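For reference, the chain that follows is the form predicted on its own, supplied as structure tokens.
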């Protein structure tokens, strides 16, 4: 597990003034991402305050260890993530020293870029994307709509459920959401038709990037799984519920999910999250214990993520009137996840599946037990039976053209400086 060290010191401040007290990117965070500007091609950067540190610039100027040079001048994070957690921690310490020590200011200053002047790109070349279903309250809420007497299928509490998504349609925050077309069958219809989805939805999730992978045929023991996670982001698994309802049997999600997945651009490291780890929620009485390959005392004690998740909605009418986004959801990831991040990784590789640096894994929709923390409109509107009334008089059962969804997240803990993930945005456009 990641340890608290000098990089987490609440007293540590940066000579970059905007970092001190920044809601998302103080010096205690230092997430990695890929950016470009009019004068810089795609490259690795570090977010701090309202600035980006150009890591390629630092590397070429000899300000980082020579053994890191080849990975840090790449236009994706895949090669760097393959270095693993020990090297990642060493780079974090170096950056923390460079950005807090006034003596380093003159050397680092030429390699700063304002975030407002930068375009963000996917952090990795994503070879594979898998989405899980570890949000037990979401699984229960959705299950009740289709199986009131048995919301959770018998395997749910034994095996982390997942499906293979589409890596080619993963996009960074800000990519428009073109309303998908597909086969839909209304309950009263005798046959399906084809057309734009009428029940477009979002799903509030966390994403995980794989760092060091495993060889084909090899497993990842649960006690080592956390070391294979390079970092976390926000993830919105856009979903066409009407297409999904018609197609998902017998093989599960397909076209209802693979038209777009949005992620936030900055990858928050496990080291940055160390002060916000907590114990996994105790399993309810009568639930089976995890099988041995998914059981680890340290993971039970520190495997949960103390991340607060928020979703807001901004409609076309609200934008025109200058209204603030409406809060749809506010809740804790730790309270939503039945399975931990380490259990997800271990199970994914438990059959010998080879995970690769830069692979993306989604947690599945993270809803809390209370109505204020639901992670999808499918739950908020009870499948459309209880439309949501917005403050401006509009109502929503599902997303309409012009609607914009904004996911955000932050972490707080006593004695620690709060950090954030930035935003994951997407605005719905009409079907083409």
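Positions refer to the first chain, counted from 1. What you see is a predicted model; the values in this text were computed from it and never measured.
Beyond what is shown, the protein has a form predicted in complex with another copy of the chain; the following relates to that form.
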property: Heavy atom within 4.5 Å of another copy of the chain in the predicted complex - residue from 100, 145, 219, 308; result: 219
property: Among the candidates 322, 250, 286, 187, the residue which, in the predicted complex, approaches another copy of the chain to within 4.5 Å (heavy atoms); result: 250
property: Residue 282, heavy atom within 4.5 angstroms of another copy of the chain in the predicted complex; result: no
property: Non-hydrogen atom contact residue 355 with another copy of the chain in the predicted complex at 4.5 angstroms; result: yes
property: Proximity of residue 154 to another copy of the chain in the predicted complex, heavy atoms at 4.5 Å; result: yes
property: 4.5 Å heavy atom contact, residue 165 to another copy of the chain in the predicted complex; result: yes
property: Residue stretch of 274-282, 310-318, 193-201, 86-94 approaching another copy of the chain in the predicted complex, non-hydrogen atom distance within 4.5 Å; result: 193-201
property: Another copy of the chain in the predicted complex: contacted by all of 208, 295 and 409, heavy atom 4.5 Å; result: no
property: In the predicted complex: members of 118-134 within 4.5 Å of another copy of the chain, any heavy atom; result: 127, 128, 130, 132, 133
